[in-house]
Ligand SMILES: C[S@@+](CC[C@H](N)C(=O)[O-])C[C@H]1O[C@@H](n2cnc3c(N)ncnc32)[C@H](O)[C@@H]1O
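Read the single chain below, which is given as structure tokens and is the form predicted on its own.
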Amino acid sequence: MKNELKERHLFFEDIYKNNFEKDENIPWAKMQTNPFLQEYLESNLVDGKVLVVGCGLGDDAIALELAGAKVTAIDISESAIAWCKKRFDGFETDFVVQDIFELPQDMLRSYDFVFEAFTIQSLPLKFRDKIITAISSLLAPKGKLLVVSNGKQEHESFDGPPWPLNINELKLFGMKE
């Protein structure tokens, strides 16, 4: 299992490293705020400590900073984080290289708002429970979580990536129907 995670890390690192500052070669890089996050921010106040999981090239993190939050944005790719720091020099968002499966104690139960978009479904299904547990462990008591994902019915199967989430997997976050 550890080797498979290392392979996923190398997959993402290679893409960011080999295409540094060439975002057109990174299929998921939209170079703008995720539209679901943007819609959320238009009608919700986000303040306190905020974490962006799998921040990619950083647009969502900066949108949250501009909304007034103190933001930490993590990604496993060293090249993605370097790119974020270069793109958003002068902003206060703390861009950090961090493996979601090796979270330091000081991150646990520390964030008032956690945002995750498509990171969960980029990992093979056997890691699903582990990543949902890791993301959930970041929330402070009464913290809020916004997850953006493709969805599927329980009986559907996909030969991913991506591997969409079903309603029962979303319930692992404590979601009510």
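In case it trips you up, residue 1 is the first one in the sequence shown, and so on. Just so it is clear, the model here is predicted, and its values are computed rather than measured.
One more form of this protein exists, namely the form predicted together with this ligand; it is left out here, but the text below deals with it.
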- Message: F101 versus this ligand, in the predicted complex: is there a non-hydrogen atom within 4.5 Å?
- Response: yes
- Does S110 reach this ligand in the predicted complex if we count a contact as any heavy atom within 4.5 Å? no
- Item | L64, heavy atom within 4.5 angstroms of this ligand in the predicted complex | no
- 4.5 angstroms heavy atom contact with this ligand in the predicted complex for T119: yes
- Among L41, I132, A69, L123, which has at least one heavy atom within 4.5 Å of this ligand in the predicted complex? L123
- Residues from 65 to 79 in contact with this ligand (non-hydrogen atom within 4.5 Å) in the predicted complex: D75, I76, S77
